[in-house]
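Next up: just one chain, as structure tokens, the form predicted on its own.
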Amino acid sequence: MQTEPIYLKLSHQILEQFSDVPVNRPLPSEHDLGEIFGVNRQTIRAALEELERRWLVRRVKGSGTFRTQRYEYRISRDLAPSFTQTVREAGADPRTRNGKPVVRPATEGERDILGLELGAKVTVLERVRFLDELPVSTAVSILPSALVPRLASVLTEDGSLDGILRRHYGYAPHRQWSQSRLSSPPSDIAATLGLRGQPPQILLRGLISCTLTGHKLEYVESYLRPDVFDVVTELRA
């Protein structure tokens, strides 16, 4: 029978022994872990890399290694297409930083998705989402400018786009379709999320429509950190 590699056995031991360490407090250093378990730093490093591959720890350069806390991110046609509301219902307290909305001509692909005519303009909104000051998600939303006039004047830096669409414009947003997969993010998004390199993240793509008018309101692409979120898709008859 093939024996389990030392670093795999050690990864289980580290996880078990330090399971009660708060997520915001680092585990002992590689040097200290080596002394605790009586192995060299190379073996400790391999064990921590294994835990990181399984999204059970997060290694932050200059700060240490931390246990992760993952939250369910539920996607369903019955649930509001709001990142903030979804994450709060999962037990976390997110914060959003909105960029300044930019108006430009729609591309051919955007016109196809949003059902726009040639020459139509779209409003582009980029956002970064945080949990405990850790960047955990980015999003780029493309909205028909004619449906959200003067969006830049009504959306605050930390305001909810879903809330603005409902309260200010009177829409009733819902998911028309959604798609998720693992994808390596562009280098700028990887840097925004504080990643080492460009490891695959959860890429969510979706189309938001209004149940009242039938208008296609928003095409959105979001990257979510898989060490923070566990995406759960619900299909109901």
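This is a predicted model, so every value here is computed, not measured. Quick note: we count residues from 1 along the sequence shown, nothing fancier.
This next part talks about the form predicted in complex with a further copy of the same chain, which is not shown.
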**Complete:** Interface check vs a further copy of the same chain in the predicted bound form: of 179, 63, 40, 29, the one with a heavy atom inside 4.5 Å is 179
**Request:** Decide whether residue 170 counts as a contact residue for a further copy of the same chain in the predicted bound form under a heavy atom distance cut-off of 4.5 Å.
**Result:** no
**Request:** Answer yes if any heavy atom of residue 111 is within 4.5 Å of a heavy atom of a further copy of the same chain in the predicted bound form; otherwise answer no.
**Result:** no
**Asked** Is residue 175 close to a further copy of the same chain in the predicted bound form, meaning a heavy atom pair under 4.5 Å apart or at it?
**Response** yes
**Prompt:** Do residue 166 and a further copy of the same chain come within 4.5 Å of each other in the predicted bound form, heavy atoms counted?
**Reply:** no
**Message:** Residues 202, 233 and 236 are flagged as a possible site; in the predicted bound form, is every one of them within 4.5 Å of a further copy of the same chain by some non-hydrogen atom?
**Reply:** yes
**Complete:** When a further copy of the same chain is considered in the predicted bound form, the residues of 57-78 having a heavy atom within 4.5 Å of it are 70, 72, 74, 75, 76, 77
